[in-house]
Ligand SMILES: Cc1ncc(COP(=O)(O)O)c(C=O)c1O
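The chain below stands alone and is given as structure tokens, in the form predicted alone.
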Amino acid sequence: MTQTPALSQGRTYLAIPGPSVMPDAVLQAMHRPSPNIYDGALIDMMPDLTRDLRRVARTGHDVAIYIANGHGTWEAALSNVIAPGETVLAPASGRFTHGWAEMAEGIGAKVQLIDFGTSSAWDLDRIADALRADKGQQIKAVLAVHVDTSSSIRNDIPALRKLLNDLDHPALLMADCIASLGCDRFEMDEWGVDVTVTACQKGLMTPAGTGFVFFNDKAQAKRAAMPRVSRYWDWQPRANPDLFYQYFDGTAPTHHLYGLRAALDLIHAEGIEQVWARHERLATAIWAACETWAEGGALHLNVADRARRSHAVTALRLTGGRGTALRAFTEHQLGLTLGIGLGMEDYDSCFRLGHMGHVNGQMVMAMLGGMETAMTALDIPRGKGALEAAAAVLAA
């Protein structure tokens, strides 16, 4: 019997929720010899680079750059404002709040965790109860994950800020925007966020390895009152360097900076409002297809409420543990790599679609077509007309 050949040769598509697809302009910007790190163009471009980073985060405040992934920026942010023995509140709607909370425990903080599971956004009434019970205002910060990459839940940061204001609670509002920055609308200053952490490998379309912490005057005042801060994580010299090396406490991540410069140019040429609108439109097309497939009873979207879904990542599950089989088929037979079911108990049932950064309509339709092909091959029951539903969204 002749075996059907795989169709995976050609350019592969990495449709995981980060690292995201890198634009050719970013790759080309990085393809150069090592630069002089003591004088010249690299040093000269840093003021505009940090300005344009702040433009993406929608803040006029400071930014510190770290040679680190998102976990590193978690620790950097905490190390500047939370002393050992102090308490943080962590409302969790997925694996990544738990990770940030564990990082806080690692530096000696006490963590008050409110777990909303992996399919529900925050219940603000429960958060309010925790803050009201904090009579002595021992909670020094709230660790707020805007988009949890594992669950694809998008939480309401402005509502949390309003809650803190209404209760007159002084805790810092710290936002994890690792999955959302450059994808979902985020307004650091307008929403009253005190500290924002993010990384370069998702909406910022740059190879993993560089992270960013943005902080306002309230957070800086807490930093100034800290008894000590790790020399490496200290954001003060990084945000206000006298010399170039102080941006990084040592040698710069030179080629990441060149790539980031190109990525920021792409974002600002498109316009951040249009970037957000593009992500929303593409996400809506994906949801239309998935909701149609779900009519067959086997596929389920992790987040039922569209208003609470991320525009950068969609978490799904297939009954009978078939998520792993679907991913294996799309990757090995079609050259399409989908994301694993990270942080979910039913790992083999779950998978994720990344639609962040350098993504357009034809790429999304190709991803959906690959899923339709895999479900056909695996005989997975599904509603009909999913690709037509997605196309209707993009054609409208």
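Start at 1 with the first residue shown and count on from there. Computed from a predicted structure; not experimentally measured.
One more form of this protein should be noted, the form predicted together with the ligand, which is absent from this view; the next part is about it.
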With a cut-off of 4.5 Å between heavy atoms, is F96 one of the residues that contacts the ligand in the predicted bound form?
yes
Within 4.5 Å, heavy atoms only: does S151 come near the ligand in the predicted bound form?
no
Hey, in the predicted bound form, does W74 get a heavy atom within 4.5 angstroms of the ligand?
yes
If you check in the predicted bound form, is G70 within 4.5 Å of the ligand, heavy atoms only?
yes
I have A175, M188 and D194 flagged as a candidate spot, so tell me whether each of them has a non-hydrogen atom within 4.5 Å of the ligand in the predicted bound form.
no
Select from the listed residues Q201, S79, N302, N155 the one whose heavy atoms reach within 4.5 Å of the ligand in the predicted bound form.
Q201
Pick from A289, V145, V213, C183: which has a non-hydrogen atom within 4.5 Å of the ligand in the predicted bound form?
V145
Mind telling me which stretch in 325 to 333, 34 to 42, 62 to 70, 49 to 57 gets its heavy atoms within 4.5 Å of the ligand in the predicted bound form?
62 to 70
Determine the residues of 299 to 329 with a heavy atom within 4.5 Å of the ligand in the predicted bound form and present them in sequence order; the list may be empty.
none
